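First, one chain by itself in structure tokens, the form predicted on its own.
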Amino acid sequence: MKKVYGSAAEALDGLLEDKMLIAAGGFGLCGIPELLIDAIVESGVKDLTIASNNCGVDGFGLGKLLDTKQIKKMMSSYVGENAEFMRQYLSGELELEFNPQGTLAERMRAGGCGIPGFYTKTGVGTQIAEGKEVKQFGGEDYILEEGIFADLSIVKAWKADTTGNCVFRKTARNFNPPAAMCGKICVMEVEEIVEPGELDPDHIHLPGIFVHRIIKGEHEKRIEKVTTRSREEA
């Protein structure tokens, strides 16, 4: 089965449609599938629901899909670095489902493991719990959270073999593994593709069974917020 494709557009061919749910890996701008995001922008699909830790920044990452008004709803845990996100949400143009960060990651992981729901203490007694089932375990309240089952997953890895076994580099091993797991189809972009057997089995973070299509490309690796000191202070 062929998994390696020549470009992001080729890898997404036949997979995109309006109103789909897409799980996207990355944290801030670290480990985001920027090439796949660009291809989704070019495709013109609309009314998307995106499950991702955040929505990039203005004009980069998932922020590009905000600029083109292709996102109808975000399922996120943090939105503080994107002014356009705030504008669209406050004006009623964008739906937002806030999730505690760990809950969002576990909802993706649960979906990838075929688990439709789980109970957690996180959010009990807050707005997060509104409208959700509450059950007691050991005399304490827990709320029911549903697993995320995405139509498509888009993720970014450092290195993969041609069968999809992959390694994430350092902080990029954030939402990428659970996001990859929860999609019916997973498309992954990587910096390097190697032959089967070249990766140490003990170093593989995500087995190829979860990955359906792979592309290799160059990445900008933009820094989200640069903080420096002057030479005098240093």
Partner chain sequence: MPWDRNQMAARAAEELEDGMYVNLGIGIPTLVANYVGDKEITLQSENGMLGMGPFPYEGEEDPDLINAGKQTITELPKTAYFDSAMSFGMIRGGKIAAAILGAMEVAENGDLANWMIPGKLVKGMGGAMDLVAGVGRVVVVMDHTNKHGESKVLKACTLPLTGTGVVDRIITNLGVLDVVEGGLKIVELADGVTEDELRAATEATIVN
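Positions refer to the first chain, counted from 1. All of these numbers come straight from a predicted model, not from anything done at the bench.
There is another form of this protein, the form predicted in complex with its partner chain, and it is not shown here; the text below is about that form.
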K46 near its partner chain in the predicted bound form, any heavy atom under 4.5 Å?
-> no
I50, heavy atom within 4.5 angstroms of its partner chain in the predicted bound form | no
For T68, is any heavy atom within 4.5 Å of its partner chain in the predicted bound form, or not?
-> no
May I ask you to state whether Q88 is within 4.5 Å of its partner chain in the predicted bound form, using heavy atom distances?
-> no
Scan 168 to 196 and write down, in order along the chain, each residue with a heavy atom lying within 4.5 Å of its partner chain in the predicted bound form.
-> R169, K170, T171, A172, R173, N174, F175, P177, P178, E191
